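As a starting point, one isolated chain is supplied in structure tokens, in the form predicted on its own.
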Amino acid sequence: MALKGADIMKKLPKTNCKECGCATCFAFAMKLATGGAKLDDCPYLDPEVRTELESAMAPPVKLVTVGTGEEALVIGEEEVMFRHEKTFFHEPGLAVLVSDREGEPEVEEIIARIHELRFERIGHTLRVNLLALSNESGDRDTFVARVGKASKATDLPLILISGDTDTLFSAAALCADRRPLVYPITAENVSAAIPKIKELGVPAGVKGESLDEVISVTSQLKDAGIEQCVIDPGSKDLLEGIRDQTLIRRAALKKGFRPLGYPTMAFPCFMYQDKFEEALAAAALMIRYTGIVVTSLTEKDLVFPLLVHRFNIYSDPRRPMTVEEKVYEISHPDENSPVLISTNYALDFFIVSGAIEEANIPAFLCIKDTGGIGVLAAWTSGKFTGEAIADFLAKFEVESRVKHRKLIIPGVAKKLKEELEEELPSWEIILGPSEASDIPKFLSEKWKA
């Protein structure tokens, strides 16, 4: 549990020296408790007290990195049980399982398919994050060969899965510079695994048949100085998964129980044979509270909903969804293409841009920054007025992009038409349809005509 300011105050020197930038030690303690200050700001803090406070103030869930570079997956360090309390920060990684029973051409095909599972949504790229390679063949040379090929074929972080410790770390040694997650580290192999994990510097995927077993393994790893761990409680189905994930999260956040203060992983691919049941389990486990979800799914129709689902959970509920303010070119417009304008509320943008694409008429879509609110609310609050739109057109030099002087505005903003006619006397202001679904018909009939 997070330390309170009063608890921190008891550990401070109480000199009120002001050298930390605060008027009193109590004010400094309150800032420390809320993350507004650092322990280094206090020049007179006893080293032993500093160590004690650093340990007590550490995030309840350890931050863990799998992979390197731009593709690295960072998970953990969550602070709340429910996102309406604050927000969730590090979205769970979605991994695709590949068996070493597959031949090299099949593995390459699967990797290529995974790379194609990338989708744009509100300026964000939704994608699969990891490749999980499983030693189902039981053959060391086959597994090592597949890992070697895969590490060259993709920059995605890797999860290496083998029940044989020597095989697992032989494969890990091939790509140790990529920081693969080695799994499973269990009560049976943890003693043999510790020297290898420390030597290679890779994160450990801890598995236990019970939470007591998980606690035993993470405690041994921590005593050895290894804290880059991800926990698999060994859940057999969705019901067990939700139970285990919730217990682990509550123990870390509510009780401050450090041996379970790590991000988690789960394997819907082993829970269910049916792909739809697997997708449902993956979606539920993303909510409760899995850090890495391993599936066998590569079908676009199943992966895309999971990625959107994850995106919605890990977006900040306190902030409206927005897109960048600029002129968007839909379907390669030219100097004769229509010009439409709307707000940067993400839902508005995607509905309007989708309707323009449906009309199959290239167009310029001007998106004005309104702080993420819709047309009418933005107009009444003074963020989507005639003057503001005129300034936008000038800022982005819209006049230089087209020969005509016609601007199509949302049909719900009738009063805006009068304002724009005053601000832009050289432009013809056209009132578009009130419903975005009518845009294709409107453009086909009005613009083409």
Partner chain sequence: MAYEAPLEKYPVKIREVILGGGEKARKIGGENALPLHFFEGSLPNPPGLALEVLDTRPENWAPWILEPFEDVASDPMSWAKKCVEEFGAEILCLRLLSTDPAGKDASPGEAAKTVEQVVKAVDVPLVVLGTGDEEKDSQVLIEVARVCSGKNFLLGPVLKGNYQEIAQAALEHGHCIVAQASMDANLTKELNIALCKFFPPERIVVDPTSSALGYGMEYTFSIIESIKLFGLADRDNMMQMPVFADVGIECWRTKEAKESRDQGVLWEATTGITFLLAGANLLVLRHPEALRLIKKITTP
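For the two forms, the rigid core is made up of the largest set of C-alpha atoms that agree within 1.5 Å on superposition. Fair warning: this is a prediction, and the values are worked out from it, not measured in the lab. Numbering follows the first chain given and starts at 1.
We do not show the form predicted in complex with the partner chain, though everything after this point is about it.
In terms of contact with the partner chain in the model of the complex, the residue from S315, S170, S99, N189 that brings a heavy atom within 4.5 Å is S315. Checking R121, H115, K149, K222 against the partner chain in the model of the complex, a heavy atom within 4.5 Å turns up for just one residue: R121. Contact check for E277, A281 and D301: all three have a heavy atom within 4.5 Å of the partner chain in the model of the complex. The partner chain in the model of the complex is approached by Y345, whose closest heavy atom lies within 4.5 angstroms of it. L200 falls outside the set of residues with a heavy atom inside 4.5 Å of the partner chain in the model of the complex. The partner chain is not drawn, but in the model of the complex it has a heavy atom within 4.5 Å of P305. The partner chain is not shown here, and in the model of the complex it never comes within 4.5 Å of any heavy atom of V339. Remark: of stretches 152 to 160, 248 to 256, 128 to 136, 225 to 233, the one touching the partner chain in the model of the complex is 248 to 256 (heavy atom within 4.5 Å). Heavy atoms closer than or equal to 4.5 Å to the partner chain in the model of the complex belong, across 81 to 100, to the residues F82, R83, H84, ordered by sequence position. Relative to the superposed rigid core, A283 undergoes a CA displacement smaller than 2 Å between this form and the one not shown. Once the cores line up, the CA of G256 ends up less than 2 angstroms apart between this form and the one not shown. Here E329 counts as shifted, since its C-alpha moves by at least 2 Å between this form and the one not shown after the core is aligned.
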